[in-house]
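Shown next as structure tokens: one chain only, the form predicted on its own.
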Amino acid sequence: MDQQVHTNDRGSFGSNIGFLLSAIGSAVGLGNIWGFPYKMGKCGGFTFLLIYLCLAVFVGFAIMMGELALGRKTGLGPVNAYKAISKKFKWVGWLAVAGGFFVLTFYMVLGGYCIYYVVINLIGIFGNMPDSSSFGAMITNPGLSIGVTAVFFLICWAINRGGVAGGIEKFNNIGMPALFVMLIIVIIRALTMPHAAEGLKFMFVPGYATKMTEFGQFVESTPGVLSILATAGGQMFFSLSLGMSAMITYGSYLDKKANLPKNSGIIVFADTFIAMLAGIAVIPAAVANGIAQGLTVDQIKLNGPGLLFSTLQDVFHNMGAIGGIFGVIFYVLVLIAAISSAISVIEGVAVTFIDHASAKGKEPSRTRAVTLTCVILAAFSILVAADGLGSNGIAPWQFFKLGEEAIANWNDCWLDFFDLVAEGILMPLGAMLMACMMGWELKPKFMEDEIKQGSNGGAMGFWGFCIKFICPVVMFFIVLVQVSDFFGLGWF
């Protein structure tokens, strides 16, 4: 077992606050603003929130600290980091890279959608405000979808090409405070809408989401506890950027004086807090607008990309001319969140090429590594963009000639297919194997010196218990339930 510590010559963060803003930026993305609200709605509101918070404390924090420690200890990206410390688990690094890669295949497309919506809402300020029909028009226009995806790619490419301090850190130092301010503005507007309180009750009152309300609304029965656990677990990994190479890579750029337990706690808390704020910004507005239009909650689109790009666009449309201003603010904040997450995962994939060149004694080229990563990603993202969420006749079930009887939620469009591969399998499986490696093969003490650097080591006992006992068991059930749910196997 090689415990050699490698010198990091690939760049580093300029400050700990720069690292925190970048790591929080990686965690705060579409997973918070898009995924968290609709999954919370699908899983009965408060029940989902309670399970998510428990997972964040006992699993998210432990995996976060483990990934940061692994990256900082080796000074390497995920593939070479695992290879450096464990012969048995050296291939797990490839799971992390693959998980991040497949997330990006659809993430870049959704980022492109955000650019399009900023533009149409900006135009709407001076003319007719777009409504939910804009979404259907966009996804059924492959050329438009591919074009805005390409613009999003170029933005991310330019930031990553600028390096760790000069590109990633610089963007997040501005982007994260701006995102928070814009989110507060949107929350204030959402909470001042008539019937917004119904949306808050839906989120925070136990059992409210499954009961009749004074408006005669109801939501379908809440899934079972294990299904909610799997959904919350997948959401947590997607939201915190765990199991997808980003945090190991950011850890490899982190100063040895940084306090890992403290930083890990701050990242998990900030991500969860902003996810809840995003829910408060999105769900009350969607519910309030639906009620005003005479809809019941089960008729309001609270799931999938339609929540962001259809339901909420109707909210802004019904505000009149001022809706264009709020629309621009909202979609700019979503765009910032999408960019901050995308660049972290691009970095996690690109660093594999950089480390490979360094291992061969060659001078690594950041520009070449980032460009190669984006070109390979573009080939898959074009497929997702052209598919238009299954609208354009090239969905996976059609592509693989499975027949209409084989249509399921995992293959009805390429976004869901790649989401299954990444969030459903690779990310939780990789995290489970990492927990097994650190908890049972290497033992928690192996990381003790790394975790104690910059801290008093007070979190070691809690981290060791979680990484050894809680994380492997919880992640095992999350993988099983997600596979069962995706493929309709009925195991649970």
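The first residue of the shown sequence is 1; numbering continues from there. Worth saying up front: this structure is predicted, and the values here are computed from it rather than measured.
One more form of this protein exists, namely the form predicted together with a small molecule; it is left out here, but the text below deals with it.
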query: Output flag, F13, N172 and N263 jointly within 4.5 Å of the small molecule in the predicted complex, heavy atom basis; finding: no
query: Contact stretch among 443-451, 53-61, 462-470, 23-31 - heavy atom within 4.5 Å of the small molecule in the predicted complex; finding: 23-31
query: Close approach of S252 to the small molecule in the predicted complex, 4.5 Å, heavy atom; finding: no
query: Interface membership of M244, the small molecule in the predicted complex, 4.5 Å heavy atom rule; finding: yes
query: The small molecule contact in the predicted complex: Q313, any heavy atom under 4.5 Å; finding: no
query: Proximity of A96 to the small molecule in the predicted complex, heavy atoms at 4.5 Å; finding: no
query: Contacting member of V103, A286, A81, I168, with respect to the small molecule in the predicted complex [4.5 Å, heavy atom]; finding: V103
query: In the predicted complex, the one of T373, T272, T149, S344 near the small molecule [non-hydrogen atom within 4.5 angstroms]; finding: S344
